[in-house]
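Before any questions on binding or motion, here is one chain by itself as structure tokens, the form predicted on its own.
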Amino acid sequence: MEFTMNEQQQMVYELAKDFAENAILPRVEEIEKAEHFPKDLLKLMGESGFIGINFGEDVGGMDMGHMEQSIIIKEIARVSPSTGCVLDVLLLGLEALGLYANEDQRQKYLAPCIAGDQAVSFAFTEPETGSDPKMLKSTLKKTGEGKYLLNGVKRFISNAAYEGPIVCFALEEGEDGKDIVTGIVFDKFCKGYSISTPWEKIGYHGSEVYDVFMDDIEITEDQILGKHGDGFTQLLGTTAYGKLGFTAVFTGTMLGAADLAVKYCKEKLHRGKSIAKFPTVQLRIAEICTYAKTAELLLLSASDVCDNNHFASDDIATMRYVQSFTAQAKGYAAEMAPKVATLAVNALGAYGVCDEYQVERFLRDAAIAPNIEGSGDIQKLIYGMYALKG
């Protein structure tokens, strides 16, 4: 077993680190205060190959893997968790299209998003039911041969204010009269599409989320993702990989907070000497770095599982196997991110709560970690159930 990056991964790491420090860091405050993530930075991420790192060259991707994708998200989130989140939610929607779109849908939607010209949204969560596919309220009703009307409300949807495709899930009546979950892909801002004002959040201020209102949106057969009734399997497959991206965001958040804490403790003087000499400071830094490094190792391990266990659309066993590892990594990172960020704030003492020293921003972003893309407790249950089956 090797714990070093290969040549390709090292190159990706250096590119992501350079991009984060030179393209993102100088604009962190702008990103935090903006209502939208800057479109020129979105385009720049596309041109740098970061959005399409895990997709084929036929749609403008780099044809690499989830390991490289995790490295990129982690290093970007290490400087700006908001930007890491923006990139990750883009990739969540692209994963759904990459796994389940037909060739016409792939060619229509993937290339513009990978280039950074458009932004895909992934719409599953709803106001009344959260993320329970059996309780969806959004409906897809047939009105004629190959024609449907889509109605409903989706909650906390990222990139909803950007032009581009949206991957959506709704209930429809199956051939046997029972409700089935079906995936749909269509263009945002079509007739019947509207959004709320952005939700105000404690963190991730550069990554806006909205309610999406769908009022008699006309859907045709060519906008169905896969087959009617495949929605539950599509959700399982997409989120199996999707958990990995958020693990990378949370891990980057921890590493970024650790960087700031270490830097401060090295530079802060007490009676002419660095406070790094104090055992209590060393213990705190050791704790911070150990938690962050453990999350990073779980992230890379889960990334390796994803790259070595590809699954077909009906291969539920492999989907659940992959999901167990990504759930384990995400559950740990989601739980530890707030703890690490709090320790980092405390390492700076009174300066830790001041905007100028930046670490408080990592704490605000980390506070969201246990509550998005499946709660931290649910991730533990997923992994625990799989571990007990083994």
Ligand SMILES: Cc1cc2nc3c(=O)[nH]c(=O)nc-3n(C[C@H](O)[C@H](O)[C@H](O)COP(=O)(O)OP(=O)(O)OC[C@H]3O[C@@H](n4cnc5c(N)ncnc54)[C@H](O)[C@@H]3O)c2cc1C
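Numbers for residues come from their place in the sequence shown, where the first is 1. Computed from a prediction, not measured in an experiment: that's the story for all the values here.
Absent from the display: the form predicted in complex with the ligand. The rest refers to it.
Partner proximity in the predicted complex: I157 to the ligand, non-hydrogen atom cutoff 4.5 Å: Yes, contact at 4.5 Å.
Non-hydrogen atom contact I368 with the ligand in the predicted complex at 4.5 angstroms: Yes, I368 sits close enough to the ligand in the predicted complex that at least one of its heavy atoms falls within 4.5 Å.
S375, heavy atom within 4.5 angstroms of the ligand in the predicted complex: Contact with the ligand, yes.
Exercise: L25 in contact with the ligand in the predicted complex, heavy atom 4.5 Å: Heavy-atom contact with the ligand at 4.5 Å: absent for L25.
Answer range among 123 to 131, 174 to 182, 76 to 84, 300 to 308 for contact with the ligand, defined in the predicted complex as heavy atoms within 4.5 Å: Going by heavy atoms within 4.5 Å, the stretch is 123 to 131.
Residue (of Y241, Y204, Y100, Y109) lying close to the ligand in the predicted complex, criterion heavy atoms within 4.5 Å: None of the others qualify; the residue that does is Y204.
Interface residue in the predicted complex among V209, L255, C265, M214, criterion: non-hydrogen atom within 4.5 angstroms of the ligand: Contact with the ligand in the predicted complex is made by V209 alone.
The ligand in the predicted complex - contacting residues of 83 to 115, heavy atom within 4.5 Å: Only V89 sits within 4.5 Å of the partner.
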